[in-house]
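Heads up, the chain shows up twice below as structure tokens, two forms, tagged structure 1 and structure 2.
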Structure 1
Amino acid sequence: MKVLKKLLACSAAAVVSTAAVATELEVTHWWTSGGEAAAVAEFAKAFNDGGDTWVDGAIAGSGGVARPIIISRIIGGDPMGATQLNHGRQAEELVEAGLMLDLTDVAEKEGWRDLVNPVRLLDSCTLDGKVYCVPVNIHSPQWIWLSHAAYEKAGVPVPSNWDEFVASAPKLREAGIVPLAMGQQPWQTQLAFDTLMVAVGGQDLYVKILNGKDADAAGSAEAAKVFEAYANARALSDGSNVNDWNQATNMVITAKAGGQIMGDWAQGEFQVAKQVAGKDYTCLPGLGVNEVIATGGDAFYFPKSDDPEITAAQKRMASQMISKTVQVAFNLKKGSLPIRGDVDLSAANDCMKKGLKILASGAILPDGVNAFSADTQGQIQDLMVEFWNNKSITPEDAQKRYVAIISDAD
């Protein structure tokens, strides 16, 4: 009982950010590039200032590399204090197995439901009415980044939507420029497909397939158009032999390519290259056709611990991550949008503002990561990668196989 009282006192003290007990928490994440590391350092700073100790457990490589390591540590009985995961269904089974800390009391006390915008982010942290993770940022993949220098060289105006982009491609080819830069990593081919689905197929189709797992929609004429556009993009990217997304972004920065379909994290690369939005490069959300963005992003989960001190420190960290000051500091460094609508982001650049405006207007889509299980996601990715690299597969064949996956999706 005494311990419990101490514990209560402890968490109460945390609210006024003068922790009575200093606790070490190991935090795993896969933010290792320059901008990402700077952003995560903001979290560490806030946590250390509160009197606790942040033990950084960065895992090099992308989420695909880090996720299995993180999950096997949690399942294997060696949980870290806190960990980054993309929210949504990746951690669903871990939560169901009772391995994650329930944050509902913190969330209710601070009124997360009122301050998280869009509230869907919190929903994907919620299972059976209980909150299990802290959303920290919003990343949207539905963007195309266009190089002004490349279009100047080809002598055509910078396109303002996907159709103009396709129409201008032959001119770029004549000038020796690859129209569409594309890295070879599987998630990038997948991202391009999802983005084209929103832009060409429209929001309804996207929602029907991703949320409703509607196989009829996946086989419809609208979806056929998406596969047609995707095959088109495949042809436009001919000659783009780079691997990583930032190498592809670099092709756009150096005007070797006309554009790249990539998420808003590409912005960090343009900033590092000292390019200015609207002057050196243009960004078109939703490929300029349907101005909507999906609200994917990152979240932090806290594996359950028997030690009440660790539990208290975990809750302290959770409430810091969502606090106003930390949100602003973190997201400006990361180039992502904050998860609360009530913060001041006047330092944001043009493209970030475009994103904020769309966010405020509510034109928001669910993210693929939230909608499908990792299994289905993996199958779709395999299909997309195969299609993208094997030009003998027709869009019709690919669509047929896509319909088969969607009808078995879970």
Structure 2
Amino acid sequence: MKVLKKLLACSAAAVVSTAAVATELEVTHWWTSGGEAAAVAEFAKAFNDGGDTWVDGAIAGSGGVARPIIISRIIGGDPMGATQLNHGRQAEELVEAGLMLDLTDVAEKEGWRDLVNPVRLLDSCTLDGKVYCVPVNIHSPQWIWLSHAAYEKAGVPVPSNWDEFVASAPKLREAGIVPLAMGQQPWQTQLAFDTLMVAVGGQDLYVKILNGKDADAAGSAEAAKVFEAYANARALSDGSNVNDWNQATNMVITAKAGGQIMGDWAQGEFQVAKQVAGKDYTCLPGLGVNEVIATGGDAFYFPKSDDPEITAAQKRMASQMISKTVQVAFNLKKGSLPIRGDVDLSAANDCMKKGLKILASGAILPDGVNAFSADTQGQIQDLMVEFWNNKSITPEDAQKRYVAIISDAD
């Protein structure tokens, strides 16, 4: 009996001890669509299963809406426990101001540099040799998503590249289908332009402008073709009266639109709708012209805290997010590629397999999110939105204004 009492006492003590280290962390992010919510739930599950508590701080809208709120809270002294951002220059000033937690000890202990593929994703989390974020996925914007039902209704084959997509537009219109679904969020219009730059202008043009800030390249004949293609895309989107990107994706899912230029995160929406890649929809990386992917993505940063328990919980979360099990669970639902090259993705669908094949081939590009300062990025985005919504602006005029922006880019 005495032995039993001792065992019960030890068991109670263990429960108290576990509860004492359990910590609540508010996590801010902008993943609110169906597919995104299903994916982020995998992060929350892992954190909660570890004995801590994930307090969801989802911010409706896009990153453009969420980032100012996130940054304002951190600067204003009301930080969250963890926050989604795109790794790279978006958090640069916060890191330089000493407001973000240094994760170098976790990264070195777990060998992140040997795990993250491509390693440039970890480099984007690194400043002055220290790691300040955990990359969680590889996202590429260079895709077009095509509805099989829409093309069956129009009586034409599903396109295999951008030129065939443009050529199919009249038949789609005759069938009452909008050729190109496009939401009105500013980042969507810029994403379409950058995607067309890679497909129509070519990889060299993309790299010269984004990495080299080459104004001559921006004013070249190759770039002029991109602006012409962008004007065609603008015309093809007439009738796409939606705002959010996932609403545009839903137009493709419901065959109200033939296709959508959107990143690989669109896969999550198709999965939630129970649609099957290759059967219900087709995905074309590089618009079927240049099969490459840009290796950008999302990362989580952790605002610095004076509370050692919070700091410990933040590091636990970072470790979980990059673990094999969580990487697979999260990315299968998100539609993105894992940042680890040593995980089992036998359950990947056809579109994810295409991305994995391109990644393995080395046909990858740097992501545009790290190319320009927030000011330059804003100028480019404003131009693309104005051009997209004002058909009196010619491709030639838009290109001239673009050249001026690139000339002063930082």
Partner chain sequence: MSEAKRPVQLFRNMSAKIAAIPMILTALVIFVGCTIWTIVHSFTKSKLLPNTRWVGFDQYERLFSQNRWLISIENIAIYGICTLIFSLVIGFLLAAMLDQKIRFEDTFRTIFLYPFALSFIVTGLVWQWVLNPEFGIQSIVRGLGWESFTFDPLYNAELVIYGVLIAGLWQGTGLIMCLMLAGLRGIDEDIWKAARVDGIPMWKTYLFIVIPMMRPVFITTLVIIAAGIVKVYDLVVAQTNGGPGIASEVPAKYVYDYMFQNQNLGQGFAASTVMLVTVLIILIPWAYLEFGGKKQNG
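One-based numbering along structure 1's sequence throughout. Take the two forms, find the largest set of C-alpha atoms that superpose within 1.5 Å, and that set is the rigid core. Quick caveat: nothing in here was measured; it's all calculated off a predicted structure.
- As for origin, structure 1 is the form predicted in complex with the partner chain and structure 2 is not.
- For E174, the Cα coordinates differ by 2 angstroms or more between structure 1 and structure 2 after the core has been superposed.
- Superposition of the core reveals a Cα shift of less than 2 Å for S305 between structure 1 and structure 2.
- Relative to the larger rigid part, the smaller one is rotated between structure 1 and structure 2 by 12°, as taken from C-alpha superpositions.
- With the core fitted, the CA of Q247 sits 3.2 Å away from its counterpart between structure 1 and structure 2.
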